[in-house]
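The chain that follows stands alone, in the form predicted on its own, written as structure tokens.
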């Protein structure tokens, strides 16, 4: 028991050291901060005005398409977090940084969790900015102030899950090009979801089926429910549930991949 307690601070110190490096590197790369923020907001502005007629469809949940569309930037931002995290980690692998770490007592779990520190900071910045932009454009939060904090928590959890996916891809493939090559597939998963229309008003059968079985739909709907519905326990349970499942699966697989990548010598 005493040995475990004495080892714990060492692990935490290792995580903190790697996290500081990851956060510093993220903040120094302005492209990682600016582009992931601007691109989803540009799409939000375009969709919010050009698709406003969709609110006239019977069964549409709100009269403001801007409020309906605000959930999408949170998910798109999470995809950019995944690519940024995976690319940075792949760069460390390509430059031999991982090989040098193999000669140190740094634990693989500390390296993996600490490496996600920069992603967590980026996710926090993005979530706050998207929420503020939504409020500034007249979007109300039906769940109130408390719901806004829950929205931020869900958004950050989703981003952390996608960041873990980016880390997994980097550890499995080892190159930034491979990680970036997955990006179009991630974006397709967003567009084949309930991102543009609620599932109950989608008339194309195959599209509705794909959106129903697509986990991304429930991530979006969890965020969206706090904005336009209020406290929808089912939507929130599914949103948090799928986000947590994404974190558990990707972190578990990434930890296994780390063991094979970080070979001790």
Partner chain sequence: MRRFLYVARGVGWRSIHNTLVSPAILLPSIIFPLFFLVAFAGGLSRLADVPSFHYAPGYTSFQYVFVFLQSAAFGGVFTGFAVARDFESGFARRLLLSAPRRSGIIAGYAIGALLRWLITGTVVTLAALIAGMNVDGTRTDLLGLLGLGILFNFVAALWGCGLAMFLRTEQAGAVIQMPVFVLLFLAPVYVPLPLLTGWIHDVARLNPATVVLEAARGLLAGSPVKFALALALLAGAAALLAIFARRGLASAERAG
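Positions refer to the first chain, counted from 1. Model, not experiment: these values are computed from the prediction.
Same protein, other form: the form predicted together with its partner chain, not shown, and the subject of what follows.
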{"property": "Non-hydrogen atom within 4.5 Å of its partner chain in the predicted bound form for each of 212, 214 and 231", "result": "no"}
{"property": "Heavy atom within 4.5 Å of its partner chain in the predicted bound form - the one residue of 124, 192, 182, 142 that qualifies", "result": "192"}
{"property": "Contacting member of 37, 236, 197, 67, with respect to its partner chain in the predicted bound form [4.5 Å, heavy atom]", "result": "197"}
{"property": "Non-hydrogen atom contact residue 149 with its partner chain in the predicted bound form at 4.5 angstroms", "result": "no"}
{"property": "Contact of residue 52 with its partner chain in the predicted bound form (heavy atom, 4.5 Å)", "result": "yes"}
{"property": "Non-hydrogen atom contact residue 136 with its partner chain in the predicted bound form at 4.5 angstroms", "result": "no"}
{"property": "4.5 Å heavy atom contact, residue 173 to its partner chain in the predicted bound form", "result": "no"}
{"property": "Stretch 138 to 164: residues contacting its partner chain in the predicted bound form, 4.5 Å heavy atom cut-off", "result": "none"}
